[in-house]
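Before any questions on how it binds or moves, here is one chain, the form predicted alone, in C-alpha cells.
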C-alpha cells in the first residue's frame, strides 16, 4: 500500500532513465546502425554510405581480426585458469589465518585501484631492453638481455600485467564468500573428523560454488573488454599487430585508421560474442549447491 501511488516512483526514476538512454542505449543502437555504413572519419558520423553487411564480410577475410580473436581467447583462458585460480588459492589461505587477514586483503587488492596506465608504464620499465628490471636480473645471473616485446614473447608479456592486476579483485569476492559460510558447519565437520583438504573440498568449495561461477563469468566477459593495459604496453598492436585484442583492434580501426563503420562492426561482434560466451558458461556451470 505504500507504493499504491506510482507517480513519485516515475518522477524519481525518469532522470536515471534519461541518462541511461542518452549515454548507453542510444549510443549502443547508433553503433549497430553505423556497422552497416561505410564511414570514413569520425567527422562523417551520420553521413556514411549504406553498405549492408560488407563490414561483417570484411571481418571474415581480415587476418588481424583472427589474431585479435585468438589473443582474446588466450587471455580468456588465462583469466579463468590463472586469475581466478590464484585468487581462489589466496582466498583459501587467508581465510585459514587468524592474524593479519586485513593486511593481506589490502595488499592483494591494491593493484586493482592503481591506474592501468600507471601499471602499463611500470611494466614498460620492467621490459626495457637497456636498463630494464628483467634484463638487469638476467645480466646479474650472467645471461644475455632479452627483447621482451619481441614477436614471440609480446603476447605473453602484454597478458602478464593484465592477469596480475585483477587477481586481487576476484580474491576479495571469493574471500567474502568464504567468510559468509557459517562457522557451525566447520565445527560439525571437525567433530566428524573432516579437516584440512577434505574440509576445503567437501565443504568450502561446494558452498562458494556460485561465487566462483560469478568470478569465472566476470573473468571471461572482462577478457573481451580488455583494452587499456595492452594499448599502453603495445600501442597499435605492436609489433606487427600481433598483440591486438578485440578491444584494441576495434579502437585502432575507429580512432587510428578512421574506419568507423568497420570499428562499429567489430564492437557488435564483441557484444554478440560476450553474450554467447556468458550464456554458454552459465549453462556449463549450472550446479546446485550440495554439501557432502
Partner chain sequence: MGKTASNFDRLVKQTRIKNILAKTFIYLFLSAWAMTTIYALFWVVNNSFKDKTVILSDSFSLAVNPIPDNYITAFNKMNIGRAYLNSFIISGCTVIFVMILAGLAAYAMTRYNFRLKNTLYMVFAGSILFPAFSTIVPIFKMVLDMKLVSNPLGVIIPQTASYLSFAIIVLMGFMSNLPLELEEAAFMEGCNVFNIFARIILPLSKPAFATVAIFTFCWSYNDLFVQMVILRKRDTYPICTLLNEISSQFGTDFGLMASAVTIVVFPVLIVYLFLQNNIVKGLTAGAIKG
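Whichever C-alpha set is largest while still superposing within 1.5 Å between the two forms counts as the rigid core. No experiment lies behind these values; they were computed from the predicted model shown. Residue numbers count along the first chain shown, from 1.
We do not show the form predicted in complex with its partner chain, though everything after this point is about it.
Though the partner is left out of this view, residue 140 does reach within 4.5 Å of its partner chain in the predicted bound form, counting heavy atoms only.
Contact annotation: residue 49 falls outside 4.5 Å of its partner chain in the predicted bound form, judged by heavy atom distances. In the predicted bound form, residue 86 approaches its partner chain with a heavy atom inside 4.5 Å. Its partner chain in the predicted bound form comes within 4.5 Å of a heavy atom belonging to residue 9. If you take 123-144 and check each residue for a heavy atom within 4.5 Å of its partner chain in the predicted bound form, you get 125, 126, 128, 130, 131, 133, 136, 137, 140, in sequence order. Relative to the superposed core, residue 275 undergoes a C-alpha shift smaller than 2 Å between the shown form and the other one. Put the two forms on the same core and the Cα of residue 13 is off by 2 Å or more between the shown form and the other one.
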